[in-house]
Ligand SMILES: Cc1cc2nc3c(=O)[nH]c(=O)nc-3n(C[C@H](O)[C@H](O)[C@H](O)COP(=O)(O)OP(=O)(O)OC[C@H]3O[C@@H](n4cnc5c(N)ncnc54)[C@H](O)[C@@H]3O)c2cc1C
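As a starting point, one isolated chain is supplied in structure tokens, in the form predicted on its own.
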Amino acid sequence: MKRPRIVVGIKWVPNTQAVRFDPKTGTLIREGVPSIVNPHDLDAIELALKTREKYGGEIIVVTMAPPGAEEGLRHVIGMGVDRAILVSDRVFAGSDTLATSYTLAKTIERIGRVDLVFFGQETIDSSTAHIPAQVASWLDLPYIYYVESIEKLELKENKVVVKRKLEDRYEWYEVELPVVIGVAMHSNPPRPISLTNKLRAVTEKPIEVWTNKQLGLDPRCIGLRGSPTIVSKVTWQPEIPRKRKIYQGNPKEAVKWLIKHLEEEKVLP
């Protein structure tokens, strides 16, 4: 019996809570900034795991990142994915979303048969939400975004039904496989990792590293050379000083005190 093969694309991003900028140059200070798996991609991982629990199959995670991203892949293996591919090569450095999506699409093609491709809605470091749509375009596949759940998966009929959340309604789509899906943020809270699963990263070595030697991509289409987008300037937003006023007293007087100070600061008209 045919089982679904699911690919999930994730990104290894700087922890934005720890990001700092140089006030003189306006550039990001990367030294000492820890990285994490993009939180919205964990929703996509969780939806993939739920789909596998219901229909069986295999989950393969793909990321394009420096070698340090292997830590993030060990984390998602700890959640329960089957294997992971780290696409890592100096020639990929400086990629914008176009070059990144091209590289990821070619990676997915090399994997072989794929039924579902999941991505998180967007990333916390750039929030462009370009990658899922661009990967779908490179692969010439249908793309549906803001998906909350897989309602029905019929591999024999080559169809999937998904539930999509909009601002004021839900929509259901029936689409032919394979399909690229952008998973709505906060729609599938990720499960914790298990020690048994995380040990697999050591005992079974389910993480592969692919360089451009395996992919064989034209250097003009990847990395900085394949990236038409140029960031000319980053504006630094200085920290806002806090006055840290504290009121101690009964609740009624506290409300009056708060309103008075909000009016004085012109927060309230």
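All values reported here derive from a predicted model rather than from experimental measurement. Numbers follow the displayed sequence, beginning with 1.
The form predicted together with the ligand exists for this protein as well; it is not shown, and the discussion that follows is about that form.
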{"query": "Non-hydrogen atom contact residue 191 with the ligand in the predicted complex at 4.5 angstroms", "finding": "no"}
{"query": "Partner proximity in the predicted complex: residue 117 to the ligand, non-hydrogen atom cutoff 4.5 Å", "finding": "no"}
{"query": "4.5 Å heavy atom contact, residue 129 and the ligand in the predicted complex", "finding": "yes"}
{"query": "4.5 angstroms heavy atom contact with the ligand in the predicted complex for residue 69", "finding": "no"}
{"query": "Option touching the ligand, based on a heavy atom within 4.5 Å in the predicted complex, out of 212, 63, 51, 35", "finding": "63"}
{"query": "Three-residue site 7, 107 and 137 fully in contact with the ligand in the predicted complex at 4.5 Å by heavy atom", "finding": "no"}
{"query": "Residue stretch of 99 to 107, 159 to 167, 191 to 199, 145 to 153 approaching the ligand in the predicted complex, non-hydrogen atom distance within 4.5 Å", "finding": "99 to 107"}
